[in-house]
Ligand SMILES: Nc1nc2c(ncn2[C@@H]2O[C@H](COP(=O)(O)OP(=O)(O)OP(=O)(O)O)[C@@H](O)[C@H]2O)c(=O)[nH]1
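Given next, in structure tokens, is a single chain: the form predicted on its own.
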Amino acid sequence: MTTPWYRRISEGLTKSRDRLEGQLNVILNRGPELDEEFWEDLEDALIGSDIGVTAVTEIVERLRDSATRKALPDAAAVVDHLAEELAREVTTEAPDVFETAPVTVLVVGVNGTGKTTTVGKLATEAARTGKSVLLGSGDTYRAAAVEQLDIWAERAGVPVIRRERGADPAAVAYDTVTAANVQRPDLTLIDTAGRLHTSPDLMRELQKVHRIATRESAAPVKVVLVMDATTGQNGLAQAREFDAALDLDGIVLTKLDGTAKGGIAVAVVRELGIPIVRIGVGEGADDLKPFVPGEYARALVGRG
């Protein structure tokens, strides 16, 4: 039985699934034999989905082992096990930062990844489930960021802390956590300005925001990176830099519906060890949901 959200993920991963499934079908149509050519072609198909060479090597090795131990009869049986192996790669033991209460979450990322929209969607979903929410409008540089977050806050029916455009982002973080200490919301979300991970000055400014929020907040402070899935391996490089500077607690992977390389989710967890806590497969308020490894893997492979 499929859930409405599984169907939405499946639709959102159409580009990625069509690419991978097409390559898998070519392999299967060649014949059922589990020869070296089959295993090499399977590796190539997975690498083409941006899963990452290291992860692909280990996945294929486990599939080889399963084929022997379970006496899998043919190539189709191996491909049927692929979703299970992909789900294993993206499963972590880390808790969902958004399911902790109270918690303050600093939302970071480079320009254009959709941070402000993500904050708005997270606030909407939390408010809908009965949680109290407070927003901090820490992107004081981008012209429309404050107004954009105001619109999301109004839709969600939650308060937002702001200052004038050009104000010190650390001051907004201070104001927000100070208000949170009084109001005691379940979830406090602080939007931040997009910044290039290659700019030491901007990263130091972000570290200052984090330091002040951590020092002043009565609730635990977590850092979540919003990563654009369409940037693929470049996004992975960005994530490494943000993690080095801030010790990330989770990643929100957006725009999965806009890429044919949806396997980047595997590379993120496998290579960074950071859990994916939400995925986005569209522009609507309901298109950002918790990441469920099994659903993701089945939707990517197209078998399930």
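Note that residue numbering begins at 1 and tracks the sequence as displayed. All values derive from a computational prediction rather than experimental measurement.
One more form of this protein exists, namely the form predicted together with the ligand; it is left out here, but the text below deals with it.
Shown alone, this chain has one stretch from 232 to 240, 44 to 52, 252 to 260, 30 to 38 that lies within 4.5 Å of the ligand in the model of the complex by heavy atoms: 252 to 260. With the partner removed from view, the residue among Thr178, Thr92, Gln148, Thr214 that has a non-hydrogen atom within 4.5 Å of the ligand in the model of the complex turns out to be Gln148.
Taking the partner from the other structure, the ligand in the model of the complex has no heavy atom within 4.5 Å of any heavy atom of Thr188.
Though the partner is left out of this view, Ile9 does not reach within 4.5 Å of the ligand in the model of the complex, counting heavy atoms only. The ligand in the model of the complex comes within 4.5 Å of a heavy atom belonging to Lys121. A residue is said to contact a partner when one of its heavy atoms sits within 4.5 Å of a partner heavy atom; Arg142 meets this definition for the ligand in the model of the complex.
Residues are counted as partner-facing when one of their heavy atoms sits within 4.5 Å of the ligand in the model of the complex; in 108 to 122 these are Val110, Asn111, Gly112, Thr113, Gly114, Lys115, Thr116, Thr117, Lys121, in sequence order.
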